[in-house]
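Before any questions on binding or motion, here is one chain by itself as structure tokens, the form predicted alone.
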């Protein structure tokens, strides 16, 4: 996977789960070297979007390009090579609970390289140093706070020196201090390593401080996009509701359901 001005592009993507449409004619571009935020109300398909980019899922129609290649044409070996150039920070970290911090970070190196133990040790300690946790190498996941666990997971995500780093809800469950630390690391690692980052998040304030460009996904397509300051002035009521965290607006409180009288009584009274 090589870098160009545009690292990822989705063209006219449709995707459904059963008879429920998730995306309709979705078009989106991720530029190399930037931190791009993917935001939107719950249930709009943000994590599904990441699965399309990594080809865990395939679109019903449309194309997904990574570094100029239509990844639908990749065979298994090409797909695995592409994924090795991607780092992933999963929701809640997803550390392996029976392995130490050191072994969690070393795991991708042991699986995908033939590096010797001395070099693995040096690489792992360098990555832990980058997230401020070199001194925690011998701890077990059960001994870590939520913020520390997320940072260990981030060290694991960068241990293979990826060209693309993907964050799926990196701020969930963190206290304000830990959120600030993770947000700072997202920005610092992106710039220091010269990589591209995609951050899926509901946390408008935190991600707005580190993202170069943001997309708001709703109703199966891009509802708005732009620099964080541009989105704050977006006239769309839906975007305004999301950015300001308003209870009332186009995103309804109630999920679609049958008429309540019909469901409880069986029929409406005359």
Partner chain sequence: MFHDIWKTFLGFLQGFGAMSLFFLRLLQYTPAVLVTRFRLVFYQVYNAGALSIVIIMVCGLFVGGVLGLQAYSNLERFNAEDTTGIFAGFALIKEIGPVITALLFAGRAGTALASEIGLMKATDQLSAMEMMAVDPLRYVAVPRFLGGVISVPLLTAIFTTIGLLGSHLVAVELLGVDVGAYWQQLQNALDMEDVMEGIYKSITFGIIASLLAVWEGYNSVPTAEGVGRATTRTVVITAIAVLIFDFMITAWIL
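If you're wondering where the values come from, they're calculated on a predicted model, not measured in any experiment. Residue numbers count along the first chain shown, from 1.
Absent from the display: the form predicted in complex with its partner chain. The rest refers to it.
Per the 4.5 Å heavy atom criterion, its partner chain in the predicted complex is contacted by stretch 107 to 115, the sole one of 123 to 131, 107 to 115, 179 to 187, 195 to 203. The putative spot formed by 56, 86 and 97 is fully lined by its partner chain in the predicted complex; each residue has a non-hydrogen atom within 4.5 angstroms of it. Contact check for residue 156: a non-hydrogen atom falls within 4.5 Å of its partner chain in the predicted complex.
In the predicted complex, its partner chain sits beyond 4.5 Å of every heavy atom of residue 102. Contact annotation for residue 90: at least one heavy atom lies within 4.5 Å of its partner chain in the predicted complex.
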